[in-house]
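So this first bit is one chain, no partners, the form predicted alone, shown in structure tokens.
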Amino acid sequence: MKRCINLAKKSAGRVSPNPLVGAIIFDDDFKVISEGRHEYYGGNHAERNAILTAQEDLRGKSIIVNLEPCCHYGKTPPCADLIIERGIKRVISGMVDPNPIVAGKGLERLKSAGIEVIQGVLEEECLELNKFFVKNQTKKLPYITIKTAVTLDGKIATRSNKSKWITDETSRAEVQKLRNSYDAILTGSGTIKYDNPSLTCRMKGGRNPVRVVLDTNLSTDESSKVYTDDGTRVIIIAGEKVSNSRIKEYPSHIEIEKCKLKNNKIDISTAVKILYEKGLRSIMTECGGLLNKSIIEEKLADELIQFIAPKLLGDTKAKSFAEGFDRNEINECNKLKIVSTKVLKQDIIVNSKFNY
């Protein structure tokens, strides 16, 4: 199953809104006969690729797959039917498909055909692999990760908004890998004005995520790097009061959506729903403390990834990655669960999940 998961990871950033899936066919001596993965959206599912590339009769063989085989017609025929047709005797599954169309029905079809089914192998790892898909299917919302680069005292920029560079080149290379894995990068107008980021993926073989800017009054410069017409989808979420004449001042390749306001700022909950409706299933934020705070306050964030540099800014007026909670008691703090830490060349990555 670990090999299956690693196989599935090779398609990160290529299969959305579908899940990451790998499949391995083997015999009773655990000799691998063939393997396959869901390589891109609209392509064959992992099981189908593994079966169709096998060079021998599959009767009496076993297949292991990190996600329950499908039992419905989508862009491809049901994998469960092909498994039955080829005479595979055993199916090992990591997790049940959260899609209501499947949700256990694929495994039941296999059992009804007399196939041995083993469920829940490395289930937690399989759920983590497809955390985007699980959130999409159960909540009908995008999975949101807040990514920050901070000093040891939690600062993302000086009081004058200077932030280059808190972390080193090794950390920045890791960020490129993350960008490749998410459907979109979300930022705010302040970050565009102060940092003028490109928000592209500069990883070899990577692909640019959709660039999303929250800009209540359309106050960002149309010539900002983030708006470059490089074939990447660009979306601006603007306030509902923005004039159509101002919208027309932006390049035609930019999608501009109006959103209702809350306290004279974009209602982040509504904005996230708009982005989901526009097909974005996973979003990573690279923004300032006030926007991060709004996302956390509305309980929209699922994960926090912090790149922490061994530096101290020591300035009470420097910018923090989340600002404005105004907590009076320690027991009012937002609670998270640290799920992993990783030491890089000089920085560390701390990965936490929100616990609302």
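These figures come from a predicted structure and were not determined experimentally. Position 1 is the first residue in the sequence shown; the rest follow in order.
What follows is about the form predicted in complex with a small molecule, which we do not show.
The stretch that touches the small molecule in the predicted complex, counting heavy atoms within 4.5 Å, is 96-104, out of 198-206, 237-245, 96-104, 177-185. Not displayed here, the small molecule is approached by Cys70 to within 4.5 Å at the level of heavy atoms in the predicted complex.
The closest heavy atom approach of Gly154 to the small molecule in the predicted complex falls outside 4.5 Å. Though the partner is left out of this view, Phe132 does not reach within 4.5 Å of the small molecule in the predicted complex, counting heavy atoms only. Though the partner is left out of this view, Lys75 does reach within 4.5 Å of the small molecule in the predicted complex, counting heavy atoms only.
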